[in-house]
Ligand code: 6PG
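Have a look below at one chain only, the form predicted on its own, in structure tokens format.
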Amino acid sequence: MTHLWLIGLGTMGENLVRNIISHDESIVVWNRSLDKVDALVAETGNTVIKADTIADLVQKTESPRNIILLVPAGKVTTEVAQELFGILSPGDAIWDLGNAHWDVTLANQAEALKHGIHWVGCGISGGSEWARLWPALMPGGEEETVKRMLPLLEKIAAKDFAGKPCVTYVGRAAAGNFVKMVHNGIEYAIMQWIAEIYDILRSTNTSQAEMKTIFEELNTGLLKSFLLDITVDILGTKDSDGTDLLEKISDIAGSKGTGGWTVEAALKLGVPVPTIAESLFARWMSGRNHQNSLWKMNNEKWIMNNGGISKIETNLLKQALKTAYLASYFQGIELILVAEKEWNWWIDIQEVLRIWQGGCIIRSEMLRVLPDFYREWSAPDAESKDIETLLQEAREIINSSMVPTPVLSSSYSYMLTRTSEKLPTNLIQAMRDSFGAHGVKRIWSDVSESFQWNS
């Protein structure tokens, strides 16, 4: 008998099963299409146990059960959950590894508790391939329920820079889904600014082979990362006719909602995430760009008529990327910290940064220095210590570019705002007081006053 079973044998589910059984664990599996289960059982032997129905899963497992759900979020998850609530035993746990909205997780946890069942919202990152190898896992919910699964999760998880498993008890309630959502928001931002660097290079007639070499140079030091790794691979990929495949790909970007949820959460909690928001808007704009052909601008003529730039120093690109990296991480970290304080979820941000070091999509060498950097605004690494120089060189790239750079520009403005000694928002406060008597505070006082603003 086993305590572990899985519902949903899509690509992620199948690869996760392969990961689990590769560590000498057995698991009971059910899928709507039983043919897929039969094929997996035939291939792997007795370590994968077939269940003919969801109810059959109960007969082939014992309490306390741990049920892994890898089914589409929304209606399908709700339908499966309702069936499970009627057949599970008190103390059993449902582990939802889909990208659920944190509000939905809170509702599922409350409903499950009525039946004495624990609901764990567990973020998983790394894509289908890394589900088979070494994913990063972000579970949140009842602490003891999560901890009873940690020995297994530690076996299948990726490893951080120190060789420790990239899994931890993230926090209470919907903390796991929230942290995974923010991870995805940061992912949106990083992907967009890498694309912007590519676009800047393309606008200077840099060949794709040259771009590949430049990105290989960028993918070093603190910028060494998974997303730059795959960018180098993409730039080196040829179509069957020997030409560059990338230039034949549609420029309309898709999304599955988590970037929007991140911005939604930031608005709800009053946290500035302009870089993440701009990356989301850039994806939306990519679809509208083709709908509004009259608004298009001939970039080639624009660059020629306005002087443009012919070549860009790789070091300047590196500084611009560092600025965007830091802005993206800082915004995500602040959003998590504010959510933790608002909802008392017990999130340890140091642990979150640690488990992002391996397996997940946003893993990078910069996560070595961020634990100190985001608190003190000064990194122990000399490469990223001088913010003023970093911003000056990032600005040079932005000012000289003749292609849209919403994320790079927003990252620059965000970092400049965070490091400015005095902002112009004192004038905004004065205007609010002038038309609405909202009150203002002098620099040296906590007392709110209203004034007659006239010359």
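Each residue number is its position in the shown sequence, starting from 1. Note that the structure is a prediction, hence the values are computed from the model and not measured.
Form predicted in complex with the named molecule: not shown, discussed below.
Chemist: Select from the listed residues Ser125, Gln319, Thr145, Gln109 the one whose heavy atoms reach within 4.5 Å of the named molecule in the predicted bound form.
Modeler: Contact check passes for Ser125.
Chemist: Just give me the single entry in Asn184, Ser364, Thr231, Thr105 that has a non-hydrogen atom within 4.5 angstroms of the named molecule in the predicted bound form.
Modeler: So the residue touching the named molecule in the predicted bound form, by this definition, is Asn184.
Chemist: Gly221: heavy atom within 4.5 Å of the named molecule in the predicted bound form?
Modeler: No, Gly221 is distant from the partner.
Chemist: Can Lys256 be called a contact residue for the named molecule in the predicted bound form at 4.5 Å between heavy atoms?
Modeler: The answer is yes: Lys256 has a heavy atom within 4.5 Å of the named molecule.
Chemist: Within a 4.5 Å heavy atom cut-off, is Ser286 in contact with the named molecule in the predicted bound form?
Modeler: So Ser286 does not count as contacting the named molecule.
Chemist: According to a 4.5 angstroms non-hydrogen atom cut-off, is Tyr188 in contact with the named molecule in the predicted bound form?
Modeler: It does: once the named molecule is placed as it appears in the predicted bound form, Tyr188 has a heavy atom within 4.5 Å of it.
Chemist: If we take heavy atoms and a 4.5 Å cut-off, which stretch out of 69 to 77, 117 to 125, 207 to 215, 330 to 338 is in contact with the named molecule in the predicted bound form?
Modeler: Careful reading of the contacts points to 117 to 125.
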